[in-house]
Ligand SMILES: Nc1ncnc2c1ncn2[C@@H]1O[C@H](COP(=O)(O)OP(=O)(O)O)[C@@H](O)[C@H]1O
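Listed next as structure tokens is one chain, alone, in the form predicted alone.
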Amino acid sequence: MIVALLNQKGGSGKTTLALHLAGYWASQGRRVTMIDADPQGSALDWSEQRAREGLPRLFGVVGLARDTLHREAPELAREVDHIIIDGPPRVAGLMRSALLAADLVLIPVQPSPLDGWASAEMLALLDEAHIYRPQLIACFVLNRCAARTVIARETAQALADHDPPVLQATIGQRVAFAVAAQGGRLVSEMEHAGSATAEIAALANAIEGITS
């Protein structure tokens, strides 16, 4: 399965979710490769920091920020169970290529009026991809979400009947994710991060529920 995390808006948490999904599936014995398709290379930076810290390699991270991704990712997928693509913000050619490569597109959004809907350009690219990949599945993921706030509830309600739909599993606004990233770690490798770890597991299970 090839999963792409895409959003035109920077700061939506694509890299964090991509790394943690890759780590969760790797911990379940799956063979996983993560593709860093963001020219900023944040996932590659995380992988290098992990190596500097002397931590074991959990999954491969390769840089592939070019618009031939839709041809190269399926080749890589033959050797593994899951490919996770960390997509670029506002690079239409790269995003289009990632859409054509993917089996599932996750669109992380934060609970705010501005983030409640993907940009018109993102949805247009998704519609275009469906012409060539009618089987492509797409979902919103509520990220950095304080579940008890009014704005979080309003965002979830606004997306409830939206197309693409929103996954029921949400990811909270937790300091643990930032602390883990600084040391090249995942929240599952930290003490006192059980809630964050459980949210990632719930997200992975929700994804498997819609793709199985």
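All figures in this text were calculated on a predicted structure; none of them were measured in a lab. When you see a residue number, it is the position in the sequence shown, counting from 1.
The next section is about a form of this same protein that is not shown, the form predicted in complex with the named molecule.
The three residues 10, 143 and 172 all sit with a heavy atom within 4.5 Å of the named molecule in the predicted bound form. Residues placing heavy atoms within 4.5 Å of the named molecule in the predicted bound form fall in a single listed stretch, namely 173-181, out of 60-68, 173-181, 46-54, 29-37. Although the partner is absent here, residue 188 lies well away from the named molecule in the predicted bound form, with no heavy atom inside 4.5 Å. The named molecule is not shown here, and in the predicted bound form it never comes within 4.5 Å of any heavy atom of residue 197.
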